[in-house]
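Next up: a single chain in structure tokens, the form predicted alone.
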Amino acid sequence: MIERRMLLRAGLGAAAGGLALGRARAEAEPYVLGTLFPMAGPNAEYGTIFTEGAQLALTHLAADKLLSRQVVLKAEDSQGTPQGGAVGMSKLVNVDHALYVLIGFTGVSKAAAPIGTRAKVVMVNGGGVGPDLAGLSPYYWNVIPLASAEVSRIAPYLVAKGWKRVALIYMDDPFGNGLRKSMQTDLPKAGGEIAGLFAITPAEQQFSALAAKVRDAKPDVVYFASYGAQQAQIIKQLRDNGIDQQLVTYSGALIPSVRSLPQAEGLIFTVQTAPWSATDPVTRRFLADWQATHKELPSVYHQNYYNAVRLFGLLAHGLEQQGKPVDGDSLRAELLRVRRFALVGGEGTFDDLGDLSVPIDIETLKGGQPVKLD
């Protein structure tokens, strides 16, 4: 179990000889990075996955001696809720004095962003996909494609397969409502139609009645937009209650509890392109060190949070080389100045909003493993 508070040290704290005592003490202060992930409850799988990617990047930063100071990582449990996001972000900003926070989940992000923005703390998202996370704040950056991009990718595919009538099951929260709006826009553009809209709550676990409503809508395909342990219940109960249409979803389903579910066999989903065949040294090192420990391929969530920490290291290194302070404003200015960085997956380019351009695949589950379709 990942402890609620964890301290991971990376890099090498150093002070140049001949500096005044006060300056030496200031330079010895560590860079504080924070994580705001769900660490317990039905969404804890995500917190574990997100943290594992960040931990490997910290190990590599330390080995490379990229920075002149230690990097201290402090964690707060967002609980996967807006309230938890606000409380955790306040703690990271006001008590821990984090200058860079790794964050996930749409509702958590929207609650935390105003707090981080007022304090000029950079927030990097590698797991939340709500369409309105783009441009959420000048200090809020995305290293993951948002749901609007995933929907625009899947809608033409569904229509081309002859699945024009789509029943949409969606979480009644900022993430789910954002995805619903994207589907209501992009599906008709592709020549399809919404066969039915079915809202669910984050705490809901019984879907037999929902299955009956979906069946009555007579869709060609069923798309669901949920997250965490609830996804497995949706899949199982839809299948157990006679829904035999193709099931489709977004990248949030790539967690062990879904992949190991027999009823999830054949599930179709969109996901950012996995770069495991890339030959650049950053990707090769990440993949080799990950597999040496875990004996399996990483997920794109591992990739995203590795990249989020690596990005901090590259930005802070650049600022140190220029003799500039490392804070929210200088990190943002450096991101917009450089734009292109060597990350897992190859060279990544950030736009004016601080969003990383990422290609998207359509895949299916076969024997619990993702297999590319298109």
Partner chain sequence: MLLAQLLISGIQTGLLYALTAAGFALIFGATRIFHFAHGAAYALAGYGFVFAVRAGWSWPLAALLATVLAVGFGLFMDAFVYRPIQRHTGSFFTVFVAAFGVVIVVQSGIEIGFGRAFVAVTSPLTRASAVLPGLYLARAFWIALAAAGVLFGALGLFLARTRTGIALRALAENPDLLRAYGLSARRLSALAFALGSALAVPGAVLGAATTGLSPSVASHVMLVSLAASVVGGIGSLRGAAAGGLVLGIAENLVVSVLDTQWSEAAGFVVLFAFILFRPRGIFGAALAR
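Numbering follows the first chain given and starts at 1. In this text, all values refer to a predicted model and were calculated from it rather than measured experimentally.
Beyond the structure shown, there is the form predicted together with its partner chain, which is absent from this document and is the topic of what follows.
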**Asked** So which of 145 to 153, 184 to 192, 282 to 290, 236 to 244 is the stretch with heavy atoms within 4.5 Å of its partner chain in the predicted complex?
**Response** 236 to 244
**Item:** in the predicted complex, Leu297 touching its partner chain (heavy atom, 4.5 Å)
**Value:** no
**Prompt:** So, in the predicted complex, is Thr117 in contact with its partner chain at a 4.5 angstroms heavy atom limit?
**Reply:** no
**Item:** Interface membership of Thr201, its partner chain in the predicted complex, 4.5 Å heavy atom rule
**Value:** yes
**Prompt:** How about Ser137: is it within 4.5 Å of its partner chain in the predicted complex, going by heavy atoms?
**Reply:** no
**Request:** Check each of Val72, Ala232, Leu254, Val159 and return the one that places a heavy atom within 4.5 angstroms of its partner chain in the predicted complex.
**Result:** Ala232
**Message:** Using a 4.5 Å cut-off on any heavy atom, which residues of 205 to 231 would contact its partner chain in the predicted complex?
**Reply:** Gln205, Gln206, Ser208, Ala209, Leu210, Ala212, Lys213, Arg215, Asp216, Ala229
